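The chain below stands alone and is given as structure tokens, in the form predicted on its own.
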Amino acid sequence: MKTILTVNIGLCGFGTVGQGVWKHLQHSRAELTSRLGANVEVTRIAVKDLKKKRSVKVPVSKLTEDALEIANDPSIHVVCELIGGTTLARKVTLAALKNGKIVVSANKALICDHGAEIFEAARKHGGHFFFEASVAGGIPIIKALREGLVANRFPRIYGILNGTCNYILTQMGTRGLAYSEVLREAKALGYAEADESLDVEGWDTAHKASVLAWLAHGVWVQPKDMIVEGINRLSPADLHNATTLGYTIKLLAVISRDFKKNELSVRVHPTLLPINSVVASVGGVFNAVAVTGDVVGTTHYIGRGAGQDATASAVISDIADAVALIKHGKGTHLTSESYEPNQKGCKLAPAERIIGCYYVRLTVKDQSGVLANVANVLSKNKVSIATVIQNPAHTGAASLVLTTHESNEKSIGQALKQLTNLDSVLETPLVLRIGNFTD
């Protein structure tokens, strides 16, 4: 009888995702063994508290409170880093890679902050690093970029990478509810964390955008070097105005590359998308990514971007790749630690070369001459008005909504500073980008 290889797995972190991985590995054990031609056995699990009650039953003998013990255990072939954060997770990841192990991670913040160090450790010590679950949950966007679209260069990648924000904007748009009201609802449903700032201020999306930018262009872009804006200043009126103009609003990551100038821009911000575009139609907690390749054109990837099952699916997919690598040495093209593209000279695009159209909402004094003053400021900064919508705001005030013809980030930024200083402008202006992308 032929002996079947057993691959030992160590789970570091046993929260929502870790328990999902355990649950599905146990439930699908026979089918996975048949598909992979190997037994996948979770032999050790690192937890914070050995006495904590959990929704899944695990033999106590498998549990430890020392995640580094798993990273250094010679009997464990694959370490799944599901801890979160960037402190202990970094220590565990580097220790495992220095031991030549395969590491599977769902940690986008870790990759964003320490990706260069992690991949260097993998190269130096013969380890491997898989991270499909770090971006867009169950959507296999990382495999799409590394494998299915390998013949392409990518002038643009954009998409919805945070289900919490997409849920909030969907509810605001369809039900006319205020941001604060929908946020409370999202927390009650478990779609938003108790501290929602990482999601709604755009930082979670920025970490994921950093990972995608590196995969597509081989350049690490930190959130501090991006335009990062969240959704917390949006009102139901903005969603209504967008609909009137033929758009809907989504929080997008936008990664654009000008190959002639060899310049890259990575941005995260609420964006007006044409209402009939594919990504605009994706609502609720779903994610969607549009990838434009110079060979294939534009392809779309839609699915659940978070949650126990979707993320566990992506983690187990990476475990399957790890098994193939251990068994056959196949799939080494999947491991990005060997990815060293020639990106010499690629720089971040300056603000004046980030081009687009804009939606600007101003709360102004309800008096004559205000629109003329606003138009004069915009004109001085070479920003041309395309449309104007005026609505009452409150007693003595009006809401002035403008869209612009094509301009750039430098010009619109200068114009907004000057508009803020006008006596007739009562609140800090809101600016949104208009994404007239061709799907």
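The first residue of the shown sequence is 1; numbering continues from there. Treat the numbers as computed from the prediction; the structure is a model and nothing was measured.
Although not depicted, the form predicted in complex with L-homoserine is the subject of the following passage.
Asks: Any idea which of 305-313, 257-265, 364-372, 120-128 reaches within 4.5 Å of L-homoserine in the predicted complex, heavy atoms considered?
Replies: Looking at the other structure, the answer is 305-313.
Asks: So, in the predicted complex, is residue 207 in contact with L-homoserine at a 4.5 angstroms heavy atom limit?
Replies: Looking in the predicted complex, residue contacts with L-homoserine do not include residue 207, since no heavy atom lies within 4.5 Å.
Asks: Can you tell me if residue 161 lies within 4.5 angstroms of L-homoserine in the predicted complex, counting non-hydrogen atoms only?
Replies: Although L-homoserine is absent here, residue 161 would touch it in the predicted complex, with heavy atoms inside 4.5 Å.
Asks: Does L-homoserine come within 4.5 Å of any heavy atom of residue 132 in the predicted complex?
Replies: Contact check for residue 132: no, nothing within 4.5 Å of L-homoserine in the predicted complex.
Asks: Test of understanding: in the predicted complex, would residue 101 fall inside 4.5 Å of L-homoserine by heavy atoms?
Replies: No, no contact at 4.5 Å.
Asks: May I ask you to choose, among 181, 147, 294, 193, the residue with a heavy atom within 4.5 Å of L-homoserine in the predicted complex?
Replies: Selected option: 193.
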